[in-house]
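Presented as structure tokens, the chain that follows is alone, the form predicted alone.
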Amino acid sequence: MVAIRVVLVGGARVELAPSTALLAGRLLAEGTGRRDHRALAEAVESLGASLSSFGGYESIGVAVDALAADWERALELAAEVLFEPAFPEERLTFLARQAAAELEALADQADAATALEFSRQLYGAHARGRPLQGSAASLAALDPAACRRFHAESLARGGVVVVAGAIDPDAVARAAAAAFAALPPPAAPPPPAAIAPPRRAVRRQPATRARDPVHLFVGQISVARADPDFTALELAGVVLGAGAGLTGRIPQRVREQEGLAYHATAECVAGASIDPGRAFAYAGTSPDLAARAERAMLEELERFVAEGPTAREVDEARAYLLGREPFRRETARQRAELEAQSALLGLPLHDAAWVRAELAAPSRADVAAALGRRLDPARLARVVGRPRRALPRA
């Protein structure tokens, strides 16, 4: 197999209107100046390949997976889609309806709706405080011209082309250089948009469409991927509950010891990339246990920041993350995506030796110090998503 990823700098974090990055990215594979979306699909199908395009918070781009023997044709298709998109209005209408349906589906999922409200509390007006889809109104307002402008701006910022798999690297490098000669190297990411997290503890209790479960999120803004504290906080997150199974302080306390939730977890760097991620604890519980579960999570987070992890907990978290690494780079697709992420972030995430060295460095004291700098129990946002019928009266 061969995996091709072409990733342009920008994404929703630089869009002027919600929905633009998502739809501009998705429209790339919906037809070009040479052929409409049906002819393009037939060309891909004839190779037994897959082609898609995407728009995310920090990038838009194209993905092609094909048989290694067809790498030249796959590379040509990726270049055609990137440089010659047609942005047909009828496909924009179709994709906008599809994205609106996704928003409605998210609203039906109580955990997802509560998580979105939690992100709003943390990120405010920043793009990560809203769904990639934007809103029904922003989806309806978008036109092909806006998508075309956004794509042109993304091309001007540059990007990366990654090809991974059973290939001749020299031959592929020459062909890729020719096919993507018009693509500038990636510019430095635009400055982070303003993020104004709460200055004090904030508690919200949105109504959800659930029949019974209550979903609890407690946490705050964390750090970006390039921050020096990232790896120490990643280890702290595993100690708290980001590891495998029911391990971690939050699931052990909330679910296993006190039986207050059917599911509990925690992380310290969730979603960290160019912009900061989130440090949070989560529990799914019932209305009659929600207050006790919330109190237990707050107590455990406060204790964790005050005391830090034990040396054994840090060593076990390190072993978990080191053991996970080989499984993140097994396929051509995984390798391509890691290489692209590395290039955009300016970090050698694709280099297994570098990752091992990063994970080996933090001591127990380093992890405790990072927690003290980055997690403030007095400023935790709390969002409690309750079924409408279970909301207490004002």
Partner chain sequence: MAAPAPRPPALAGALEVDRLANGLRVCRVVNAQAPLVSTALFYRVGCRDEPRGRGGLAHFLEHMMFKGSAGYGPGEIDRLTQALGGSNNAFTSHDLTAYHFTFAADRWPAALAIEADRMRGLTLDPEAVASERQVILEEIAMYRDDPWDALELDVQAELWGDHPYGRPVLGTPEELEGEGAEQLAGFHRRFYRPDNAVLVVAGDLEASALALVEEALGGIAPGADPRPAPPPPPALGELRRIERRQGEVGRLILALPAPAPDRPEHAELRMLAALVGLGRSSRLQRELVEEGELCLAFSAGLTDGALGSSFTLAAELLPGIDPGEVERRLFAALAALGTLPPSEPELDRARRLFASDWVYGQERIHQQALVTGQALAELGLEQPGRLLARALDATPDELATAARRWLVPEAGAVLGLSLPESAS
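Here the structure is a predicted model, which means the values were calculated and not measured. Residue numbers count along the first chain shown, from 1.
From this point on, the text means the form predicted in complex with the partner chain, which you will not see here.
Exactly one listed residue, out of V163, V269, A78, V238, brings a non-hydrogen atom to within 4.5 Å of the partner chain in the predicted complex: V238. With the partner removed from view, the residue among R148, R324, R303, R157 that has a non-hydrogen atom within 4.5 Å of the partner chain in the predicted complex turns out to be R324. Among residues of the shown chain, T285 is one whose heavy atoms approach the partner chain to within 4.5 Å in the predicted complex.
At the 4.5 Å threshold, heavy atoms of T247 reach the partner chain in the predicted complex. Taking the partner from elsewhere, H37 is found to have a heavy atom lying within 4.5 Å of the partner chain in the predicted complex. Using a 4.5 Å cutoff between non-hydrogen atoms, E104 counts as a contact of the partner chain in the predicted complex. Annotation: in the predicted complex, residues A177, V202 and A343 none come within 4.5 Å of the partner chain through any heavy atom.
Of the stretches 180 to 188, 206 to 214, 119 to 127, 139 to 147, only 206 to 214 has residues with a heavy atom within 4.5 Å of the partner chain in the predicted complex. Shown here without the partner chain, the chain has S46, L47, G48, A49 in 46 to 61 lying with a heavy atom within 4.5 Å of that partner in the predicted complex.
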